[in-house]
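Heads up, the chain below is alone and in the form predicted alone; it's given as structure tokens.
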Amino acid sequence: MQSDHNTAWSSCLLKIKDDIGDQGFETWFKPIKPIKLENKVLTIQVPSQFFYEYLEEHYVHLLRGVIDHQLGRDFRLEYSVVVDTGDAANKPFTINLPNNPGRTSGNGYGNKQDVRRDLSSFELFGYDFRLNPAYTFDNFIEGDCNRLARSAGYAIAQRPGVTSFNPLFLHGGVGLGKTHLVQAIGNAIANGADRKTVHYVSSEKFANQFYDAIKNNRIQEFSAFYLKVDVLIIDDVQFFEGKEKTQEIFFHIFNHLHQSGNQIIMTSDRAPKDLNGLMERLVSRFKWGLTADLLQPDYETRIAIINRKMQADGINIPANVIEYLAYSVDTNIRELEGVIISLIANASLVKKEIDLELAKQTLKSIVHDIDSEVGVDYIQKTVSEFFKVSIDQLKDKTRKKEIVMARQLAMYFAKEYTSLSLKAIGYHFGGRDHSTVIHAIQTVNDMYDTDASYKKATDDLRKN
């Protein structure tokens, strides 16, 4: 057995030189420097990440065979990759990466006891799994707005690292369910028969852990921890923007996990192509698997969310209140759930049954469009007073000319002054279809351009 790292590596080089040509040896093996030989692990330093990837892709089996032959089958090879060559004031910055064929099991650990021991030791430094058991597939409402993302997530939960959805990159605005979905995936995997190790972390927490590791000279422990997880979930990767060192370390971790067949899941508020301030090579890797967006929930999905929330709380509310909430709050799931909680709280405080009037009062203090002076109710009131018709007449099915004109103008202003969808506007006018709203808007535009008296009435109403 070789006892010195220089001697051990020299013996390996003799064998390697016999197996490859001079040019390949001079290019890929001569620049390598042996660093240490400890605990049956030979560490060699390579000058860059590209160098490491090339060796792993083209010479991985040669290296494994040489290590087995020259040192023994129980020896492993580890790379020390130069990330930053440093300068006169700063030492070179390196990270250690294991040689893939040296792994002794499918999850990167010798056995499950090793897994638990490594993870437990890192929890002492503030590392934790942070999976919320309340986030599951069962309580994630599926709709057209998230069907692709949910289906891909469910497939990954069944076979992490095996599907073509690696990495899975989910993007969408605030409160659309990204965190719920990725944690549902994580919980399903962690509780599966294979008991794989899942680590969920926000990008900000990851960056802070990395900075702490640099400060405390624990980079190798930091890298070793992340290189050994079976499933890595990073939330809000947009916060990596401008953090070059953090991006660099994540790039290496990403590459190793992906090459090892471990699952990577990420979320962002933007699609990969819109992430500014990230390294191009990192963004390109985000696109390797599946990119799926989560959109604002449609009306049917919002109805399902409200029903599920009420069922979970053991509360029954009238169907017209559910419809009103679903039509009025069309921004995101988080705001919708907040409105439901406020409505339940208000009903409890004033000791009233939940009805449409209480729902309207609750929304006025929460939802911007309803709280603003020019909401649907205010528009209907102003238009009805101008044309001397009742608000109920604006909502009923009468086809009298003056009422139809008033109704069309009210719909027109609802579209102009609120952000309600066409469907939502139609609901506030007797449950009319969105096509009726489109027709009303077009009629107002046409009449405005051709009828002077109509134009004046419209302008007067706009001033009001």
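Please read these numbers as outputs of a predicted model, since none were measured by experiment. Residue indices: 1-based, along the sequence shown.
The form predicted together with a small molecule exists for this protein as well; it is not shown, and the discussion that follows is about that form.
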(request) Consider the chain as shown here, without its partner, and state which of His256, Lys228, His180, His199 has a heavy atom within 4.5 Å of the small molecule in the predicted complex. (result) His180
(message) Just to be sure I understand the contacts: of Arg334, His252, Arg285, Lys243, which is the one whose heavy atoms reach within 4.5 angstroms of the small molecule in the predicted complex?
(response) Arg334
(message) To test your reading of this chain, name the stretch in 189 to 197, 243 to 251, 171 to 179, 205 to 213 whose heavy atoms come within 4.5 Å of the small molecule in the predicted complex.
(response) 171 to 179
(message) in the predicted complex, does Val383 come within 4.5 Å of the small molecule, counting heavy atoms only?
(response) no
(message) in the predicted complex, does Phe140 come within 4.5 Å of the small molecule, counting heavy atoms only?
(response) yes
(message) Within 4.5 Å, heavy atoms only: does Tyr135 come near the small molecule in the predicted complex?
(response) yes
(request) Decide whether Asn146 counts as a contact residue for the small molecule in the predicted complex under a heavy atom distance cut-off of 4.5 Å. (result) yes
